[in-house]
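Heads up, the chain below is alone and in the form predicted alone; it's given as structure tokens.
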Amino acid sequence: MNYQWYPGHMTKARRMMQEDIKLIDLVIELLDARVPYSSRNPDIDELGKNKARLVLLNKADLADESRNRIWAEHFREKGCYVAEVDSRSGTGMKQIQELIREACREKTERDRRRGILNRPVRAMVAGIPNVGKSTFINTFAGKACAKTGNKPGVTKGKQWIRLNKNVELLDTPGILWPKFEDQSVGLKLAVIGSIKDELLQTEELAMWILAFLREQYPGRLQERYGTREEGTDAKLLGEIADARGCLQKGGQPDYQKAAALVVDDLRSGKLGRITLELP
């Protein structure tokens, strides 16, 4: 299957970001810790060059701890400040204020030399759809000031949010890039839910998940479903259907239902902490 999803409002959002980048000091980029490479919009590197960068590995609680550390180090080597966070529970959020101060130290010094005191840092929050930007902003601000939703594409316009006297945030709509050069990027984004489910073939996603887990996290499927991790992926999906009562009339395995179960279990963390790629 060919994975593409680029609604019209995203083209407009990219143009808006190009204009707004002149107004800001810092780009706060949210990535999904399970797919830090695939959930990065390469446009943001271009749009945000010459700006301080803070990378937040969001949903870090769903990702593999040892791989979180590898990714954090990878982004630090690229000159970014990094934090592992879970914006829903608030884990890791306390360090962000200090990291913003660190990242913008030069700008603050420059202002001081010019006699400009107490000008707040202006930060743009960027990231692809459904990576958790609005939830992050609400948790960070301590109040519901940005709309949230668990469907991609809830934030469609921009809004400035004053957090305190030191920081102002610019929330931007989630933007994907127009074309995935590497189809595995589109596939991984589909697996974590960053592409609308109506556009997907669930069985194809489930088969990919089964193959990946058998290779990278052996034992997880057996632990969750009580099935042996042998035979073809289709056979294994059929066994999961049997084990979980996903059956059609006549007792035949309902592959579609079993596939939806596997995808949902991965997204919700019921299959354990999993990272789908390494630097």
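Sequential numbering from 1, following the sequence displayed. On a predicted model such as this, the values are computed, not experimentally measured, just so you know.
The same protein also has a form predicted together with a small molecule, omitted here; what follows describes it.
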Selected contact from 43, 229, 242, 61, since only one has a non-hydrogen atom within 4.5 angstroms of the small molecule in the predicted complex: 61
Among 135, 166, 108, 202, just one has a heavy atom within 4.5 Å of the small molecule in the predicted complex, namely 135
Let me test this: is every residue among 48, 52 and 74 within 4.5 Å of the small molecule in the predicted complex, going by heavy atom positions? no
So, in the predicted complex, is residue 170 in contact with the small molecule at a 4.5 angstroms heavy atom limit? no
Contact test in the predicted complex: residue 206 vs the small molecule, heavy atoms, 4.5 Å: no
Please check if residue 186 has a heavy atom lying within 4.5 Å of any heavy atom of the small molecule in the predicted complex. no
Contact of residue 88 with the small molecule in the predicted complex (heavy atom, 4.5 Å): yes
Given a 4.5 Å cut-off on heavy atoms, tell me which of 234-242, 53-61, 212-220, 35-43 is the interface stretch with the small molecule in the predicted complex. 53-61
